[in-house]
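Consider the single chain below, provided in structure tokens and representing the form predicted on its own.
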């Protein structure tokens, strides 16, 4: 048999292309963005194969003039819309405050979700309080909607004496049992399998709750995701499996993990609906989440949701995005800013104006400043007080094993 090389054919490794690099302008010209309202909304009991087009399209509700269009319009009241906008503004104000504190040396680490606020806020508003949340590290909006005090979030980031995790987690890896907010994992992808397990247990017990998990586009290359998809499909777990495709997994573009198709399309192989939604469209995100949650509660199983958005800020305070993407890329993103889009919609329907917007922004800025001043009363990064060293031995075993008792004694605590 003649080898391909001997036949004159030479193989070549394909390397996926990024949307930009530091020496290149951003290029989003190949994105196929359908008009708002173009995607049909199927019945919640539709078979997975009947939803195939949604995995390759893009559910959008808000058009360029701020009007809500199409079957997916969730018909939210003006009060609900204003509440959603205020939650997103609060998240952005919180992010800005905490980012500045890290840059001034008052925090060890922080991660912003600028440009992705609609993902967590709209989804949390579409879910019920009894539903269990398994977030990644850019869904702080879930906590705002569920009513977690900003003071407690700040104290966690400071790892001070009021930190409910007792200094055992990296800042921004929140946990809140009372709010059904599962501890954030630094080992990306673990939470999606845990979410499916929780959903299976909830269904087994006859409960009416669903679980929701979030992973990023880069994590879609991890095996945990496929274990979760397999079990969710097999047992029709009442689970929402969310992929936040913000285009960049630290320094690698989403094209490194997408295998040439959409992330939502992978659901078809597991016989579950996969829906791709404009992640910067508050109304579209709410509607798709509401649809998937209703489907799960009715016993029709899980849904894979790809939230198509953009990470405007750096991956974290340890990252410099100018080293791997074009400096103007965020400004070129064609789906805009989720806050500005919802603001424009409220103004278009006569339920908001610029003066109200500015007043809320000022109020939130003052609120974040006041909360920070209160938080450092419970301990600063440098001076404490922090949880005592002895706390590291607690809350793991019901009865402390001998080797840990010895370690504690050796430390004199």
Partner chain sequence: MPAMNMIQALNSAMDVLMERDPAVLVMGEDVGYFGGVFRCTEGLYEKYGAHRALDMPIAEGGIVATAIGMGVNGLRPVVEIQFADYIYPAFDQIVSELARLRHRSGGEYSAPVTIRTPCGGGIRGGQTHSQSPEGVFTHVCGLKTVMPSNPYDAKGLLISAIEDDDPVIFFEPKRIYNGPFDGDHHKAGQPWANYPQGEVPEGYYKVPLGKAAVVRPGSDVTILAYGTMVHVAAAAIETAGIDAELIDLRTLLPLDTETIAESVQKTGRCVVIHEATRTSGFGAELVAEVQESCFWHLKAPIERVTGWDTPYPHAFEWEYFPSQERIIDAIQRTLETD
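Keep in mind that what you see is a predicted model, and the values were worked out from it rather than measured. Residue numbers count along the first chain shown, from 1.
Note that the form predicted together with its partner chain isn't included here; everything after this is about it.
Listed stretches are 252 to 260, 95 to 103, 273 to 281, 78 to 86; the contact stretch with its partner chain in the predicted complex is 252 to 260, by a heavy atom cutoff of 4.5 Å.
The listed set 155, 222, 335, 90 contains one residue whose heavy atoms approach its partner chain in the predicted complex to within 4.5 Å, identified as 222. Taking the partner from the other structure, its partner chain in the predicted complex has no heavy atom within 4.5 Å of any heavy atom of residue 360. Looking at residue 205, you'd find a heavy atom of it within 4.5 angstroms of its partner chain in the predicted complex.
Although the partner is absent here, residue 347 lies well away from its partner chain in the predicted complex, with no heavy atom inside 4.5 Å. Residue contact check for residue 234: one or more of its heavy atoms lie within 4.5 Å of its partner chain in the predicted complex. Heavy atoms of no residue among 247, 327 and 351 are located within 4.5 Å of its partner chain in the predicted complex. In the predicted complex, the residues of 169 to 189 lying within 4.5 Å of its partner chain by at least one heavy atom are, in order, 169, 170, 171, 175, 176, 177, 180, 181, 182, 183, 184, 185, 186, 187, 188.
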